[in-house]
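Before any questions on how it binds or moves, here is one chain, the form predicted alone, in structure tokens.
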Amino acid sequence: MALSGVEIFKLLPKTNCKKCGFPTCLAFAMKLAQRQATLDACPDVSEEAKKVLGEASAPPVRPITFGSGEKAVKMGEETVLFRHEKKFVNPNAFVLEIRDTEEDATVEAKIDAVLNSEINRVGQLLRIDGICITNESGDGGKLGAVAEKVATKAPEVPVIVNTESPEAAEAALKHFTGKGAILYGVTEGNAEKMAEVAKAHKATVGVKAEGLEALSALTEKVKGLGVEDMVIDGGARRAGEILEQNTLIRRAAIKKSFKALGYPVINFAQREDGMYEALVAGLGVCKYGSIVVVSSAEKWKNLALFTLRQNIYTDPQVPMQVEQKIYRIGEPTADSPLIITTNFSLTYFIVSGEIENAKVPAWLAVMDCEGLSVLTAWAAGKFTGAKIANFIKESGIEEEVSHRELIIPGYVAILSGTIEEKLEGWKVTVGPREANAIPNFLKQKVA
């Protein structure tokens, strides 16, 4: 049961040492009670207090690691219902389903689709995170054969084994022992045998039931069998059911500290229509799904879902941003153009990408505007003529270029006069308003 801030305070050292980052032990206790801090921030807490507070300060959604090595995915550990309250912590995993009834060529193609799904978007590597091997045939031998193929071709990719048969589970999981696999298909009827298989292969279990009451009873049963790590499925398949169940599960875990539902949720979004599947998968991303299983991995769908996930799981109070500095695009010389923009990640990657497309080496001055885009930063008074002039003076770029010309974004053409006043001897050129016009602009400039 959750403890109040005062109850937690009684167990703390009460030294007000500030080592935890808070001014007093009472302030730290209140943050612990609100699940906005973790106990390990206090270096002086006693072992006895750790035992008492450990469970109380644990995140309401149990953290689970799916897979192992560099491609392992951490999920759960969420503490809020809405991202503006704090932020969502661990992005969901996208998992591609491979059925053991599919042709060998289809299986091979799906494995390749997972391995080749990685893209770089605003500095982050995004990909299909795992493979779900489904025992559609009911034949343990077929499931084991597909599992062996996946383990051989994609040894680093996290895997879900989807079957209700303990024998088939054994045949497949032996290829992923100790690799953080998930054994999905644990029900009221097979829980004892499936728990044994999962423990033997050090796998997380995926429990499934019809409805939240049956689901919470099943998680308690599985926990009593000695299995702590679970992902849960209350049987929702239609979009409305997914929305309702996922919300109720998160509310029970966050607001009521209901441990029986305090686990990451797995959603199955497979649909024959790709657009419909993308919409259902997107619902899982937005509304608390920790694993979203899809049936295909077309590039258009991947890009849409990856972008949605990236947006949902960024901190809304801290925009994505890159380091303030002068970036070399290509191999610029002293005569190469000098362009300035803000440090909003998306702005930087779009502008730098268009400069690369132009195949014109250039210097890109990226100014710290607290992660705001050009127009937003200008409106907020963070991308002004005076500040741009100071940045250019302090950046050291004057020692790198032989010219004194600065190209500014077209949307802030109004700043050109102020910049020239502050940057003595410099000429300001107004560049394109839209980034996609940069290649033609640069090519004409150096022609």
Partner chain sequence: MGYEAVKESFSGGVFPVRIGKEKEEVFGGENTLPFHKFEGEVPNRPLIAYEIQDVAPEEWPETVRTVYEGVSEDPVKWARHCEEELGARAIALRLVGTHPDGKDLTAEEAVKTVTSVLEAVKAPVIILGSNHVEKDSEVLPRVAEAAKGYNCVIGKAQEANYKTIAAAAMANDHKLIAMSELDINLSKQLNILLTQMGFAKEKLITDPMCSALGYGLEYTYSVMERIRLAALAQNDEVMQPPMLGDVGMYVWKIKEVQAPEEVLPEWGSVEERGILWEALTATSLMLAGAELLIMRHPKAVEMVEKFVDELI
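Please read all numbers here as calculations on a predicted model, not as lab measurements. Positions refer to the first chain, counted from 1.
There is another form of this protein, the form predicted in complex with the partner chain, and it is not shown here; the text below is about that form.
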For this session: Flag Val89 as yes or no: does it have a non-hydrogen atom within 4.5 angstroms of any non-hydrogen atom of the partner chain in the predicted bound form?
Result: no
For this session: Look up in the predicted bound form whether Ile119 has a non-hydrogen atom within 4.5 angstroms of the partner chain, and give yes or no.
Result: yes
Exercise. Taking 4.5 angstroms as the cut-off for heavy atoms, does Thr15 touch the partner chain in the predicted bound form?
Worked result: no
Exercise. Val73 near the partner chain in the predicted bound form, any heavy atom under 4.5 Å?
Worked result: no
Exercise. Just one stretch in 156 to 164, 235 to 243, 130 to 138, 185 to 193 has heavy atoms within 4.5 Å of the partner chain in the predicted bound form, so which one is it?
Worked result: 235 to 243
Exercise. Taking the partner chain in the predicted bound form as the reference, which of Val107, Leu115, Ala365, Ile350 has a non-hydrogen atom within 4.5 Å?
Worked result: Ile350
Exercise. Out of Leu225, Leu126, Leu283, Ala151, which one falls within 4.5 Å of the partner chain in the predicted bound form, going by heavy atoms?
Worked result: Leu283
Exercise. Should the three residues Ser216, Met320 and Lys359 be counted as contacting the partner chain in the predicted bound form, with contact defined as a heavy atom within 4.5 Å for each?
Worked result: yes
Problem set entry | Residues within stretch 11 to 27 having a non-hydrogen atom within 4.5 Å of the partner chain in the predicted bound form | none
